[in-house]
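One chain comes next, on its own, written as structure tokens: the form predicted alone.
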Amino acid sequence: MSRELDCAALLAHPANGGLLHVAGPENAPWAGVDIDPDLHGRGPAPDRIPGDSPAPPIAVFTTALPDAPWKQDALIRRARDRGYRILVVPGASAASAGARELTRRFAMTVLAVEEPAHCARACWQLEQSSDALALDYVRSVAAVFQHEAADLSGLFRNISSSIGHAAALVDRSGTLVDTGEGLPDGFVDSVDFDAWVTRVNSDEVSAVTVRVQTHARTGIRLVIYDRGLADVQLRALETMAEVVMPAVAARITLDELAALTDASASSELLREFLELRGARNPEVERRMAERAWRTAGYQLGFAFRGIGRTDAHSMLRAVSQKLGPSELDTRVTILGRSAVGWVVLGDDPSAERVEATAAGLRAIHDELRRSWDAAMGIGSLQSGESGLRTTVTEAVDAAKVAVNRASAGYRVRVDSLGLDQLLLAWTSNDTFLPAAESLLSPLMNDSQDLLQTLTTYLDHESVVNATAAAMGIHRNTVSMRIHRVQQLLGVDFADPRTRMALHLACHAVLGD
């Protein structure tokens, strides 16, 4: 019994002999293939075997389409009379306007082909079962393992070129790598991230996804997709995707290790640069030059900081992914708990360009917050080596303030900081930290529950319910702990200056 399929599945087959749609519907049904059928016989089309699919077979010709328009018309009419609705003909791209109009009137489909025998073989693979097609996919993708890719994007390009379909890597936040024209909007929402293998089949895309097993990253999936794939193709691609998944997982692990090493090195370099405070260090200058870290011209610093407990390397990866497609010329690394960097603006940027840059950073923050609880700080426009140091430091301080600025969308720009900026700078001096530790020493027991509760309480504007929700404890527990803090420290929380001093001291002692 022949399997009923349509033209879209054959056009999406990676080894279809170079098929090209010329005229007629692209989703015309077919079942079976006749090679060089006899069109000169008289009478109706041959009877189908009872129980077979009602769709007619494809007619595959090994000889080129005739040059003369009248011969083209005759071929199309005879094929129609013999019951064929899909013609695969070498050179069909040169069909006359009259021939194309005739196929439209007859509701027939004409496809041009470069290798008729390959097309016939593709028809057979699609008809019989997914096993033969899966074997071809696996054989094709085996070459991927023989050639080491430079990075994850290179591996995906190799996979895509070997199987003839687009390959992508996604997580819940969206697309991470893509070799095709782009997955449709909302694709990620339609994927079951808990399942091992899934299918997504719609008018926009036909895809299989498989969960990628790696210790370095979780919640990511390999996607193989195209348009118009039939069930037989999707089943074959499921098998192939499971075969290639370990190579993807290994590449992700290697890239992750390389990224961690690079992030550690760049983070240490930035720290050394900031600590120089204007002093010259040829070695630091050389290493910065190797990374194309410019100090000439104007820069605008930025920092993204997790709200709550967030791994800085994960934050850096997420920020880098969002910055990648943007037009901003950025450098980014880790500093403490933040992903920190700056935008290079060159010499004497206009006010409009500076504002556009700030708007671009805000847009990236909006995208990031769809999947991350993150605050953002933006420094002031500065120039030169000392200016770079200033704008980066400002951005880091601004991000610390932004963590507690829900009303401002968890982002602060230094130009609008005022007193908070000065107070944060004050806490970083050599005399404040010892004083803060002395002030809070009665709270610094083994569990530090009282210190953490006080910090969270002040972060949430002294609101007990908000503090309890943030810490996941009962409001009565918060009230009892705050009462105990007042007894131990002998302070008056009604005094706003006292609350400000305690707030700064808490963050200084906790190192954030």
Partner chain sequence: MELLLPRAVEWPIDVVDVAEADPQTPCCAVAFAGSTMVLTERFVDRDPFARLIDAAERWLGTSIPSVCAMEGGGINALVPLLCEGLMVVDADLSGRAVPSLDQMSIFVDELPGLITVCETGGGGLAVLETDRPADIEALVRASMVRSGGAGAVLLAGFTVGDLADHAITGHTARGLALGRAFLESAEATAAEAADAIGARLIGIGRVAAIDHDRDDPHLSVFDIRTAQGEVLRVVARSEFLAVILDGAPVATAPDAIIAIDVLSHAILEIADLTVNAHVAVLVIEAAPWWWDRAGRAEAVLPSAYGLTGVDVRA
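Please read these numbers as outputs of a predicted model, since none were measured by experiment. Numbering follows the first chain given and starts at 1.
There is another form of the same protein, the form predicted together with its partner chain; it is not shown, and what comes next is about it.
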query: Are 69, 74 and 102 jointly within 4.5 Å of its partner chain in the model of the complex, each by at least one heavy atom?
result: yes
field: its partner chain in the model of the complex: contacting segment from 354-362, 89-97, 256-264, 282-290, heavy atom within 4.5 Å
entry: 89-97
query: Is residue 106 a contact residue for its partner chain in the model of the complex, using a 4.5 Å heavy atom cut-off?
result: yes
